[in-house]
Ligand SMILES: Cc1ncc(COP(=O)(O)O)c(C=O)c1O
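Okay, here we've got a single chain as structure tokens, the form predicted on its own, with questions on binding and movement later.
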Amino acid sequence: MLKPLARRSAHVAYAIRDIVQRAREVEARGRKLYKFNIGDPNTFDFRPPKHITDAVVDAMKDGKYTAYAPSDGDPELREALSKIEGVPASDIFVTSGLSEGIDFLFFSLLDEGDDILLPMPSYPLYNTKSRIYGGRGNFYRCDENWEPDLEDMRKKIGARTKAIVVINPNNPTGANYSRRTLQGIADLAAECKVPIIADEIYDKLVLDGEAVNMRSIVKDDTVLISGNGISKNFLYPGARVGYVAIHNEASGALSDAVLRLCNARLSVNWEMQRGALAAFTMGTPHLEEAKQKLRQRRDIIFKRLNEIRGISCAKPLAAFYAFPKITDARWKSDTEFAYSLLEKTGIVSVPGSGFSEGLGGNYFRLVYLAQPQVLNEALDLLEKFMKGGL
């Protein structure tokens, strides 16, 4: 007989995919689904650039790349990334998507009762990993346009705060932080002697404003861990290739811990790493078309959401997410709202509470990757739903 499971297993939740089972049941009853819950460009009319997939195919034909890859990553890829990040290749670690990098960092940094200061709302994986490794929930607030509140951040930094997470451009809100805000975060981290974990997985998908990487701001007296990959900027989430780059760590303790974790999981798929090498060295010819499509779709969803009574939405400036606020009080929670919306319209969204419980249950996230016709069709249904006509 199976004995009780480890208590930490109860901490695992992932709101973005947790709604999928209910969506399958709704679809089985014959309702068309609008899958706006997962940020996967390839579910819609986006594809990875050909030079990347060609590099993967070439690697598959080369027997060298059927072996285990080096645990810390393909040497050529790490060298290329070291030039981008401005750190030695020895401080670059290739991971199975940035998600694995997040896991390695939280595993290495957190002891029971510590905390990593997270944005509210935050990408759900950060919340889950913090709980699994014994972290205390600690979230900094953002303003109405989802820019971090620096004063609240200052109040939340304590003796056991091991790092500050900055997700910019932001998932789930679509915010693109100003240089002034990022400079304020860098100054605060330096003052408090707290490392920054900069999740910049969408840094090339800025639709409005300036694209600013934290490495261009943080001075050499602050430890910075940059995270990126090819899932979003290069439209290749299925490749599962990301990396973390550790800046300004004099002791090397964190790099050593991450390397040991890389060794323990053996390696990332080598053929896909060759695709990542092509991505990071052969330019971004795909971005102009991709961003043109995203701007058109962003403009549609932003305009239409704000025309619907009972909903308001800050303008997304980057990535491909909108994070509307529910101003209608008919629903007790955003979870109830999202599941009712699914049942009545087939729109698969994500309750805002899945990104942070401190938001008051008043938000939901929509992905706007779908073609304009599909977006408008779904938004027509959302409007009818809010009017009580469904």
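Residue indices: 1-based, along the sequence shown. Please read these numbers as outputs of a predicted model, since none were measured by experiment.
The same protein has a further form, the form predicted in complex with this ligand, not shown here; the description that follows concerns it.
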(message) Is it the case in the predicted complex that Y123, I201 and K232 each bring at least one heavy atom within 4.5 Å of this ligand?
(response) yes
(message) The chain here is shown without this ligand. Which stretch in 156-164, 301-309, 224-232, 211-219 comes within 4.5 angstroms of it in the predicted complex, by heavy atom distance?
(response) 224-232
(request) Report the residue, out of S108, S99, Q183, S267, that has at least one non-hydrogen atom within 4.5 angstroms of this ligand in the predicted complex. (result) S99
(request) Counting non-hydrogen atoms within 4.5 angstroms of this ligand in the predicted complex, say which of F337, Y321, Y363, Y34 makes the cut. (result) Y321
(message) Test of understanding: in the predicted complex, would H247 fall inside 4.5 Å of this ligand by heavy atoms?
(response) no
(message) I'd like to check something about N171: if you look in the predicted complex, is any of its heavy atoms closer than or equal to 4.5 Å to a heavy atom of this ligand?
(response) yes
(message) Would you classify R240 as touching this ligand in the predicted complex, given a 4.5 Å non-hydrogen atom cut-off?
(response) yes
(request) Between 348-363 and this ligand in the predicted complex, list the residues on our side with a heavy atom within 4.5 Å. (result) none
